[in-house]
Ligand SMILES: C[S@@+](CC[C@H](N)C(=O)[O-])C[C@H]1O[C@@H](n2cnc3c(N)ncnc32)[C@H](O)[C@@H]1O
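Just the one chain here, laid out as structure tokens, in the form predicted alone.
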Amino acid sequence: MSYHTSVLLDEAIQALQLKSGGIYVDGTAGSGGHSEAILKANPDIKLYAFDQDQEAIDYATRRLAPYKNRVVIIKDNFSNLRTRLALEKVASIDGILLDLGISSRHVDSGVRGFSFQEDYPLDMRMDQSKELTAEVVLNTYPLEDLVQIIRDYGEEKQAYKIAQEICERREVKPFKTTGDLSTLIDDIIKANPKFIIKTKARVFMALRIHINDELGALKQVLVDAVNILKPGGVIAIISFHGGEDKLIKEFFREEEKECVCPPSFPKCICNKVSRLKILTKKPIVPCEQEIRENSRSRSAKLRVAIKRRWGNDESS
């Protein structure tokens, strides 16, 4: 079984507009698929590849060994991008790629508790050095917090019902495995099997996003990436979750705006500078063939923006 199939691979590499002598970042190295494609596409670039998962780091290190003189692999969350690059004496970059979400390997193996199709301990940590696990969340969080996590991160309409049942059942028997949570959803969601599977996917995803602070990390890396991008540098992000895509879209739009004054103002007084130009008015999505070959790619969306060269200069 392959570690992970890179989604929108050709589209992402093309979007980066790789330049000879450039410095690039793969903020989510995973199995190294996108990193390898970047390094192959231009023999005269330097790449910094980040991942917080040691298993992924080990795999990517082996895969990228032929390019060891041009790639630096860093074990850390991309929310620490700017600090870790500073330690490498890198002050600015020519492009950054983020492939959000979870590796196919983690879903297929189930060992970390990301999948509801196997019965494993409720972990869900990408970085195993962190303390917070799904077991802690399910057994200790108050009802209101569970509702918010399942509703906001999972976009699950029956969040309150599921959270309430979690609170009731844990008083009798603590949640220990993914099977415990999966069984709960089987018991309380009265619908056809396909709907139950979708509900499980949403609940498990919501817990994973919360435990790994995925949206918080994304907010941080968006700010840092734009700050360290060189003029003409590209930021390309592949997302799989509605909340992620909305966050990216809104951030790009705010950075593209030339004025944020209220419409009632007769003239602009905010002095805002447009730093980004959006290159994808609509996100790039996988073609039918890619979806047939990799069904997990069906929800992927690629958004791309370029840093303006001179403030609001349209030539950027």
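Worth saying up front: this structure is predicted, and the values here are computed from it rather than measured. In case it trips you up, residue 1 is the first one in the sequence shown, and so on.
Omitted here: the form predicted together with the ligand. The next part is about that form.
**Student:** Among 24 to 32, 245 to 253, 284 to 292, 260 to 268, which stretch has residues whose heavy atoms lie within 4.5 Å of the ligand in the predicted complex?
**Tutor:** Of the stretches listed, the one contacting the partner is 24 to 32.
**Student:** Looking in the predicted complex, any heavy atom of Asp76 within 4.5 Å of the ligand?
**Tutor:** Contact with the ligand, yes.
**Student:** State yes or no: in the predicted complex, is some non-hydrogen atom of Ala56 no more than 4.5 angstroms from a non-hydrogen atom of the ligand?
**Tutor:** Yes, contact at 4.5 Å.
**Student:** Contact with the ligand in the predicted complex for Gly113, defined as at least one heavy atom pair within 4.5 Å: yes or no?
**Tutor:** Contact with the ligand, no.
**Student:** Find out whether any non-hydrogen atom of Glu135 is located within 4.5 angstroms of the ligand in the predicted complex, and reply yes or no.
**Tutor:** Answer no; every heavy atom of Glu135 is more than 4.5 Å from the ligand in the predicted complex.
**Student:** Go through Thr199, Ser182, Ser103, Ser239 and name the one with a heavy atom inside 4.5 Å of the ligand in the predicted complex.
**Tutor:** Selected option: Ser103.
**Student:** Within 4.5 Å of the ligand in the predicted complex, counting any non-hydrogen atom, which residues from 132 to 148 show up?
**Tutor:** Sequence-ordered list is empty.
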